[in-house]
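Form predicted on its own, single chain, as structure tokens, below.
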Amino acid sequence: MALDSETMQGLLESVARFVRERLRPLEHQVAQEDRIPAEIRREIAEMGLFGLSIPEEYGGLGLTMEEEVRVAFELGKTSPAFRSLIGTNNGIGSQGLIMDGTEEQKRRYLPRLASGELISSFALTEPEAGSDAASLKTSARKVEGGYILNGTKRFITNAPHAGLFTVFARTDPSQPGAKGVSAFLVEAGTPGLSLGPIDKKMGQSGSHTSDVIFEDCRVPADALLGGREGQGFRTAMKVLDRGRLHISAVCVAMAERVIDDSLRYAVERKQFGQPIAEFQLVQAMLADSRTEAYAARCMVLETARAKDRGEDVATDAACCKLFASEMVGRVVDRAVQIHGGAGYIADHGIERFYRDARLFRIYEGTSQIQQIVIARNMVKALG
């Protein structure tokens, strides 16, 4: 463990209190205005939440995987927009740099990511390369002193606010699939880098995505992540293992939040002269939701501990992402049903969670991609 038990418990209590007292009261405002107030970003930075998983030597807290998911269990009990603000700095936006970056690259960027001075983005998905990330078309042509990037990235989380992009591009067009892909660290403001308009999404208001466009964007040679070509796809896959566990923990947290809201509503709401919590069919929905959320929590914790022991958790992380993201979809659906008409009304909040939860089955690898990863790894292990 990175933190002693007392310090870790203090962190969890601080995050839970911050969620309860500062973030939950702002959920409706963030949804209406589609933005997180600047003072909240400052408070999040002061708590050190931008650097949860960044090593201590670079200014972060250096949490283990288990500690990170335990924080996510608390932070995820509110609008996912708040978690998304710090998510890329702790996950896909920094982990490639932590795992495969040069020492110079780490010292240049990680302290600024840990403090929240810089927001990072993970630019992998393209208009014609989403689940099939190995088919990406963005090119990086080697020239004297560096590379010239051309291509478009799509649905890039935090792109409108990012100061640093981890960009995946094809450096060797003669190598098909994953082999010719490299990763680059590209700073916002680099000539030739521009952004599309902010996407209008079904849910998760306050968390912004947009296209990232490269038009003869010249980057220096030292922008190549790790200083090695052809390693980009491998880096991306390693990063996604950790990201899938983090997202799974957020799914658990959202499920537990809406279960709590649904239980309170069922106890207070009366029909036929008694609380609806006394009706067995309502009890069945509550019980099923509680059981599935508990199962997902156990899966995530066990897999996080295995990762901390240095075990290969690629298959189990995919299992967690598949089960937890599908689980939270079922839980929020039951929550709407328990709330009845109130659950369908926008001001109540339950319908917002219903829309927010839908994205979890798509990003960090769709449910179908998780199924393929799990099955292929099973076959490979048998051979």
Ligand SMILES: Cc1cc2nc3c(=O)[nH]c(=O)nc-3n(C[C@H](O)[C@H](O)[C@H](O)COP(=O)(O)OP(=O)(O)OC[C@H]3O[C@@H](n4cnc5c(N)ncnc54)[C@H](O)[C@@H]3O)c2cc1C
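In this text the structure is predicted, and so the values were computed from the model without any measurement. We number the residues from 1 along the sequence you see.
We do not show the form predicted in complex with this ligand, though everything after this point is about it.
At a distance threshold of 4.5 angstroms between non-hydrogen atoms, residue 359 is in contact with this ligand in the predicted bound form. This ligand in the predicted bound form comes within 4.5 Å of no heavy atom belonging to residue 9. Taking non-hydrogen atoms only, residue 307 never approaches this ligand to within 4.5 angstroms in the predicted bound form.
Although the partner is absent here, residue 374 lies well away from this ligand in the predicted bound form, with no heavy atom inside 4.5 Å. Checking 182-190, 285-293, 218-226, 152-160 against this ligand in the predicted bound form, the stretch whose residues place heavy atoms within 4.5 Å of it is 152-160. Checked against this ligand in the predicted bound form, the candidates 235, 78, 205, 209 yield a single residue with a heavy atom inside 4.5 Å, and that residue is 209.
Note on contacts: among 245, 123, 251, 258, the single residue with a heavy atom within 4.5 Å of this ligand in the predicted bound form is 123. Taking this ligand as it sits in the predicted bound form, the stretch 353-383 comes within 4.5 angstroms of it through a non-hydrogen atom at 359, 362, 363, 364, 365, 366, 368, 369, 372.
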